[in-house]
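Take a look at this single chain in structure tokens; it is the form predicted alone.
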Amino acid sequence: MWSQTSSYALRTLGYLATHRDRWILGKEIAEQTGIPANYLSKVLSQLRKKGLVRSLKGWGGGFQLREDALSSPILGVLELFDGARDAEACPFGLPRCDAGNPCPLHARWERIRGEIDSMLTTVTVGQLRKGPA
């Protein structure tokens, strides 16, 4: 549904949200999330530029989720890596699919798409953490 990079970004943010009490080395994030270290560094760089993550170089440094990122909807993360979704995309790939010219899945897809849109705009980065909230 979304790219591997977006999935890695959500996994990274979830890990950082779970461990907000300390700076975390990229090596630890890579080991604990299963994200290749070189790929993770690119993801973290984009998350930092977007203002979701902060970094500190040197001994005792690492990465940390910014406090205000906790309330950010995950849609912004997905759009950062995948661009804006085509909300009107047809699951059959037809150029024209609407109520007047529906594909065989149109009615069902419209309901599912509404649920997905709702999830992406209401689930926040802070809700990606594991364990007690």
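Start at 1 and count along the sequence shown; that's the residue number. This structure is a prediction, so every number in the text was calculated from the model and none was measured.
The same protein also exists as the form predicted together with the DNA; that form is not shown, yet it is the one meant from here on.
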Touches the DNA in the predicted complex: I112 (any heavy atom, 4.5 Å):
no
With the partner left out here, check for me: in the predicted complex, does some heavy atom of A107 sit within 4.5 Å of the DNA? no
key: Partner proximity in the predicted complex: P73 to the DNA, non-hydrogen atom cutoff 4.5 Å   = no
| message | Even though the partner isn't displayed, in the predicted complex is I116 close enough to the DNA, meaning a heavy atom within 4.5 Å? | response | no
Residues in 28-59 that come within 4.5 Å of the DNA in the predicted complex by at least one heavy atom, in order, are P36, N38, Y39, S41, K42, S45, R48, K49, S55, L56, K57, G58, W59
